[in-house]
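Before any questions on binding or motion, here is one chain by itself as structure tokens, the form predicted alone.
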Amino acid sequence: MRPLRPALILLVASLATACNGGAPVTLTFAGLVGGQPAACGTTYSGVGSTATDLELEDFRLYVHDVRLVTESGEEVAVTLDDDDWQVDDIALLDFEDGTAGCESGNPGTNATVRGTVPDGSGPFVGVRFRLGVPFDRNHADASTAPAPLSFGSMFWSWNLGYKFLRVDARTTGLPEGWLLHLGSTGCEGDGRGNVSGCAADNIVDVELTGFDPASDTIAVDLADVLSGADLDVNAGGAPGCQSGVDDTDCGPVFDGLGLSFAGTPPSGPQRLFSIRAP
């Protein structure tokens, strides 16, 4: 057998490095309602400003731009694995399984973000990420997009883009349905993906401190973000919050997400995500 030439040795070494991809890391999320595991068809009591009963019908969200934070404050980007739940730097978290009233969803679930970081870049003490889909991927055609951007039920239109967060439920006062669909609004485009910008991108920046990816879980608790919202009354338009600037039901919901609404800044940071230690 003839020895490899130097150029081939370099190529083989480069391919080996690319395949290794650094140190693997997994971020674990938990979909919750009032601290209880989120599940299709389950009824949760004491939700929202009226302490209503809520039954889940859908609970999915996109996150992107995931970064871990070191003790010195340095951000280390997580390079996501490519699979059915992740593409580029975007991941879909799916806490519904298509059963017990969640017919708008799909059978699979996903509660982790998987990827790699450079070897030796830890230890980590925090995490930062964004809830939503980045602008350059938000205004495409879902029918031809790769998974997990291919779910039509998570897409509005080329101009508006994706539903960053989709929560469908039934409550005591609105048994026909209460919806939270978060996405960009006021987008200018030709309806074929050529969007110049949006008046409100509604991307939620998340920063959590005291986080160890090896042991901690990121809680995604609907009761926390909806604590100030009346889920039993529809103030106008579609029931619940569809992100429109004239949808007054969105005010307290956006406040819980740490987003400005109709020119009013939020009272504090987002309340949807928090750290849950083992």
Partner chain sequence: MTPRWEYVGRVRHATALLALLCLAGCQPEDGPTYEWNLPAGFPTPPVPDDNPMSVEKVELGRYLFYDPRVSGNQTYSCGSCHRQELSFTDALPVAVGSTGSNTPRGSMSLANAAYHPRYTWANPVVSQLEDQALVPMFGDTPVELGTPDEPELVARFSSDPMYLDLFSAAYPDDADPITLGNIVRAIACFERALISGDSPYDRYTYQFDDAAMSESARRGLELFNTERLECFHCHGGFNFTDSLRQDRSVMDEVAFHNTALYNIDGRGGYPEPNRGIFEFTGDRRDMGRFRSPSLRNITVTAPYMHDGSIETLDGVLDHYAAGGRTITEGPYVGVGSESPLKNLFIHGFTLTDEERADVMALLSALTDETFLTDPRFSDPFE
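Positions refer to the first chain, counted from 1. What you are looking at is a predicted structure, and each value in this text was computed from that prediction instead of being measured.
The protein also exists as the form predicted in complex with the partner chain; that form is not presented, and the subsequent description refers to it.
J.: Is it the case that residue 163, even though its partner is missing from this view, gets within 4.5 Å of the partner chain in the predicted complex, heavy atoms only?
T.: Close contact exists here: in the predicted complex, residue 163 approaches the partner chain to within 4.5 Å, heavy atoms only.
J.: Can any non-hydrogen atom of residue 238 be found within 4.5 angstroms of the partner chain in the predicted complex?
T.: Within the cut-off, so yes.
J.: Residue 105 versus the partner chain, in the predicted complex: is there a non-hydrogen atom within 4.5 Å?
T.: Close contact exists here: in the predicted complex, residue 105 approaches the partner chain to within 4.5 Å, heavy atoms only.
J.: Against the partner chain in the predicted complex, would residue 205 count as a contact residue? Criterion: heavy atoms within 4.5 Å.
T.: Looking in the predicted complex, residue contacts with the partner chain do not include residue 205, since no heavy atom lies within 4.5 Å.
J.: Just one of 141, 188, 82, 75 has a heavy atom within 4.5 Å of the partner chain in the predicted complex. Which one?
T.: None of the other options qualify; the answer is 141.
J.: Considering the partner chain in the predicted complex, which of 71, 136, 119, 176 comes within 4.5 Å of it through any heavy atom?
T.: After the contact test, the surviving option is 176.
J.: Are 210, 273 and 276 jointly within 4.5 Å of the partner chain in the predicted complex, each by at least one heavy atom?
T.: Contact check failed for every one of 210, 273 and 276.
J.: Among the candidate stretches 249-257, 213-221, 55-63, 28-36, which one is within 4.5 Å of the partner chain in the predicted complex when only heavy atoms are counted?
T.: It is the stretch 55-63.
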